[in-house]
Structure formats: structure tokens, C-alpha cells
Ligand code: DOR
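Take a look at this one chain, the form predicted on its own, written out in C-alpha cells.
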Amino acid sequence: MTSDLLSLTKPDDWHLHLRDGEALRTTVPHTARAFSRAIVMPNLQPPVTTVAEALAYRERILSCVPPANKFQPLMTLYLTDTLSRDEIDKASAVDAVVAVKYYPAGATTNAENGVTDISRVYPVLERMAELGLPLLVHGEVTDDRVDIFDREQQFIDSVLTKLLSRYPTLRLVFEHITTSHAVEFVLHQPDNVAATITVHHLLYNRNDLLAGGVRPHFYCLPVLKRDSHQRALAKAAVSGNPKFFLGTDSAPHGRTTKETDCGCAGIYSAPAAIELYAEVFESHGALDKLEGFASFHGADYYGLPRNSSKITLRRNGWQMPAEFGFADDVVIPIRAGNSIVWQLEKL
């Protein structure tokens, strides 16, 4: 590696939204360009709640993978109050389905079918713990009386701590953590508990969203927090601790649904995700830790082989396009119209 060249084992994205239909023609190539595998979220309309639906969705994704690209989507089931233990047994027997996603009802985009009370799904969680099937957690309470900036910490205190006390062997990934409280919580849990960290929560804080005007394309859930939490996330990401790994939570929405009086939550980072993670790690003098975070820790946690192929990033400034076609709309990407330091070399 020279100062202008960075070679990495091909990374994986352990938390991704691809949407469905015509949108896949944009989202799938953007992820497949840099990542070998990705865990795909099930919050479609209607949600993906059966193995059969997950495998059908997987085929729709694969149909949009560019020729000669070997990208593999890893599928999830959407945890509802009525998901059965039998469906969990089916999922555990299918290699392409790797986890179950827990959304508190109403927590984020298309989460209206989520869990209304954690106790309602105890039988399913018990079976998941027995089988070793991971639970992927959107960790926020949805009580309107709780300040939006405190909802992650409240979730830890009122739900997550009790859940892991009841099922201490449950394999659990605390998705897109955003606070120092979440970092400390994960650090103090056994090895069956891990966390993903997004690039947008590493790059930005709530000033980027709110200072000088509301910027809808910085609006995501969990919402951007203050800079002290941003620093805590960066410290965890670059630490080399295998409990933390890459999950972009890249979440595209059409411009017309973002720039409106009630804009959707989500930041579309897939077109430059690995390049921007490199910027973050370089800014902390930790480029040598990027490969573990991006390419090793997640694969090891999920018990999957590490990728054998490589990618190369070159220090070669380029400009992110202002927009991309997105079904019958356009999607505004992260860093739209602005420069990015690192560039992925074509394979």
C-alpha cells in the first residue's frame, strides 16, 4: 500500500435497503460495485415475512446484478407479532436467509407492521436463541413522550437490557448505533452481541441536519446525534474491536418523498460508501483498521467465509453526481455534487 493506493479484501455490507421493482436497477449495481455480499432489509410493502417471500425477493435482486458480478444478497425476515416458530425453523435451514429483523412498530420507514410489544414474540426469540439465528435490532422506542434524541438510550434501558437478560445466548446485532451509550452497552456484552455503524453517522451530526436550515437529505432514523456521540462511534469503528463492523443502512427514497412537508427518513450512501468509510478511517489515522471493520468482523460474526477477492481504492478526487434515476423519480445520494477523496478502481 502506498499513500495514494489502498488494497482491501472485498468488503460486505451488513445492513442495506435496496427497495424493490424498478428501483433495484439503480440500487443493486451501486452496492455490487464495491461489496461482495449484503444483508438486505425486509421492510418492503408488504413486508417480507416468509422464507418463500425472501427467496422470491432475492431472485428479483439477482436479476439486477451486473453481468460477471458475483454479488450475493443475504436475506432477512421481518419480525411481526404473528411470525411463527415454524417459519424460524424454515429460515434456519436455508443458507440464503441469515437473520430476522426487529422493528418496533412505527419506528422508521415501513415499520408499521413491526413488533407492538416485545413480550408478544418471546416464543420466536426463544427459538432463534436455540438455533443461533441472529436478531437484527432497530434500537429505538416509539413512545411520543420520549425525545427523539433519547430514544436509543431509552430502548437500551427499557427493552434491550431485559431482552438479553431473558435470552443471554441470543445472537443480536444492534443496528446503526448512534450514541456513546450504545457503544458502551455493546462493549459490555458477550461475543454474541455486536453492532453495525453507518458511514453517515460517522461523517455527520445533528448540526449538519439542522444548523442554518433543515436539510432533508441528512434526515435519517435513528436521527443524527450531537458531535460527542459521533466521536464515540468513530472511536469504536477504528478501534479494531470485532464487535463493530460495517453496515451502511443505505436507504434510498425518491426526491419527491424526501423534499416534502413530511420527508422520509434515509440517506442513500451506496454510490460511495466504501470510499467515504476510507475518508473517515484516514481522518483518524486508522486506514490499517478499515479492512477488519469492512471485510472481516462481519463475516466472522455471521460464521461466513471471508472474501478472497480484493478491491483497490485510489486517492483520486471525483465528484458525486447530483442525482440518480430511481424508478419514476430521482434519488439524491450522499455528498451529492461534492467531491470525494478516494475512488474505487474498476475491477
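Each residue number is its position in the shown sequence, starting from 1. Here the structure is a predicted model, which is why all the values come from computation and not from measurement.
As for the form predicted in complex with the named molecule, it is not shown, yet the points below apply to it.
A.B. asks: Would A265 show up as a contact with the named molecule in the predicted complex if we use heavy atoms at 4.5 Å?
C.D. replies: Judged by the heavy-atom cut-off of 4.5 Å, A265 is in contact with the named molecule in the predicted complex.
A.B. asks: Looking at the partner-bound form in the predicted complex, is D249 within 4.5 Å of the named molecule by any heavy atom?
C.D. replies: Yes, D249 lies within 4.5 Å of the named molecule in the predicted complex.
A.B. asks: Would you check, heavy atoms only and a 4.5 Å threshold, whether N43 touches the named molecule in the predicted complex?
C.D. replies: Contact check for N43: yes, within 4.5 Å of the named molecule in the predicted complex.
A.B. asks: So in the predicted complex, does L221 come within 4.5 Å of the named molecule, heavy atom to heavy atom?
C.D. replies: L221: yes, in contact with the named molecule in the predicted complex.
A.B. asks: With the partner removed from view, which of 104-112, 117-125, 68-76, 91-99 is the stretch that lies within 4.5 Å of the named molecule in the predicted complex, judged by heavy atom distances?
C.D. replies: The contacting stretch here is 104-112.
A.B. asks: Would you check whether the named molecule, in the predicted complex, lies within 4.5 angstroms of a non-hydrogen atom from each of R19, H176 and H253?
C.D. replies: Yes: R19, H176 and H253 each sit within 4.5 Å of the named molecule in the predicted complex.
A.B. asks: Determine the residues of 114-151 with a heavy atom within 4.5 Å of the named molecule in the predicted complex and present them in sequence order; the list may be empty.
C.D. replies: Read in sequence order, the lone residue that approaches the named molecule (within 4.5 Å, in the predicted complex) is H138.
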